[in-house]
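You are given structure tokens for the same protein chain in two forms, set apart as structure 1 and structure 2.
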Structure 1
């Protein structure tokens, strides 16, 4: 597929997303919504990709018979904006991968439930699974690697493994998409795919990652990750015992771009603070981190990362002229749904811009996810430690 085709496809997809939501909202019957006419199209467009057999959702939501018993729970989840899992505050973006519901879509589901969740007349809409959904998100990968099975004990400390991968490529490869298929989501805390340094097996450059709730990432049109000939990849595993013994068989799939399709190398800049020290019981501990861009850049995406005590994260830019610009605020960070927020349009920032990341943590007993509110918490790799890491994907603006 040439670059023009890929650009057109991405642009078309973005346009479809932006146009479809108002179209659905405009046709909603907010007084007497029914499943057939109003609710099913919303669920099919925003929820069923996860809520179907074989996917991460705990129940299937494709048909009226499947949805009806869960009507009240669905209404409560969408009204609280717990579902679909999209935590970016309103007013930022627009985002290419935004799955949040509009106010009218939420109102339709809530009113439908209050009215007794009627089915409505006529045939139900049928959710058609994409042809590629049974195996890989972007079709058959150009290259697949399966790690050897790894046994994870039922209990004990977290386990960390770095597994070198010899690719055997006899020429440079540009990678346009990566999908990571965890073998057992219950024990795999996260997985990072790194490019190794030349002639070595230590980490040099971030390629892709999987965390709870994350989606496969097709890089913005015209950009790709570079894997030079002879370089190894590194599979960076973090396991957290779940109380039951498990066997993990993680796989990765890569899709390549032709060199003429690539205009820019996509780089991930980690903005972190390893000096955090969160006092026991503190419900509102704040810490910051920053990095400076030494060239003009175009920002393509943001990924907030904290652990169980993470409460909120805010990305902003301090420009060389002293002005500031808000980039993204996530006021309700959820460790179980970690998202890469992909910009529909890149944000250009000049050389000398300082990216600020401000994070807030809740180490109190009022945080239901807190493993232990009686202990001080520092930066660390264990799940029960904490991290302040704001990842920024960018390309050079020029050259």
Structure 2
């Protein structure tokens, strides 16, 4: 199974507990922190899911011996909030999957480094790699699909593929969780699972996504996504050649809910604007999109989606009474992470509420991710094109 997943889920839970119980964070020794007592628990809960052999982090950060040479980089990375990757600004949520560090945790790491990164006495806490490989996160899935092997050349441009899946389900299915197991993470940059439109093979509705470091998504209790009888799924692959030829065999696992367990359909509202036209070199191109809810809703999650020139995205709600509500601001959007921000508490909004999504793009040479600052860029599926799509997961407030 995806080990990152399980550790990251635990890490997410730990972060939430710290958020709710400052006493634990206050238990950190902020004057004389040591690796054994203060720093190791933070790294184990928030970093090792990616920073261990076989995962995407460039170095392992479990033991004192591994961590010591990186102390300065670690302090810098956490102080700048570059690590762990969590792009939402503070002050929104709270989020179920928040992996960001608290101010105290950052302070402890920074002070520890300034003090010469002491080990401290006693034995080091051991980071347990949970269980064996290859197991699925929520138990054996109800349905597993393996894509045909796909060869990815060593070099060349990024490759995008939409692969329709005929499920053969002879009735409507309610999906309560999805796990995507990348075949080869060296080349699979990201993967989105879509539901196709009726009788068609084009993307209609977002089901789930995978990027390096992401976790499988179990939909909020009582809610599920509907896959109507006869509908196809679509696997939307983005491959990024790694310098070595590879064969990708990605799998997806679905868990179903019984119809009587499902109180509400989880729907994703895409708030998008396909009219974007970003001039070459523009460091600060701004554009907006908006959509209105026709019914009372409970919002469960947000997924900002742009490509390499995406810089920031802001979600807000304009209520029928004219008041506005700030929902989420991601000031340092990073295409690599494709995070879904899962609300710990749903946000209820009345019918007639307009969701506004404001995005800023940086098409200048000053954006290190920019594939080409000399061209104008418009909406398109390729990563070298752009997108402005703010996805809002919601359920009807009245079932």
Ligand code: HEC
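Numbering follows the first chain given and starts at 1. In this text, the rigid core denotes the largest set of C-alpha atoms whose superposition between the two forms falls within 1.5 Å. Just so you know, these numbers come straight off a predicted model, no measurement behind them.
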| query | finding |
| --- | --- |
| Correct structure when looking for the form predicted together with the ligand | 2 |
| Displaced residue check between structures 1 and 2: residue 95, CA, 2 Å or over, core reference | no |
| Residue shift check between structures 1 and 2, rigid core fit, residue 147 Cα at least 2 Å | no |
| Residue shift check between structures 1 and 2, rigid core fit, residue 228 Cα at least 2 Å | yes |
| Cα displacement of residue 166 between structures 1 and 2, once the rigid core is superposed (Å) | 3.3 |
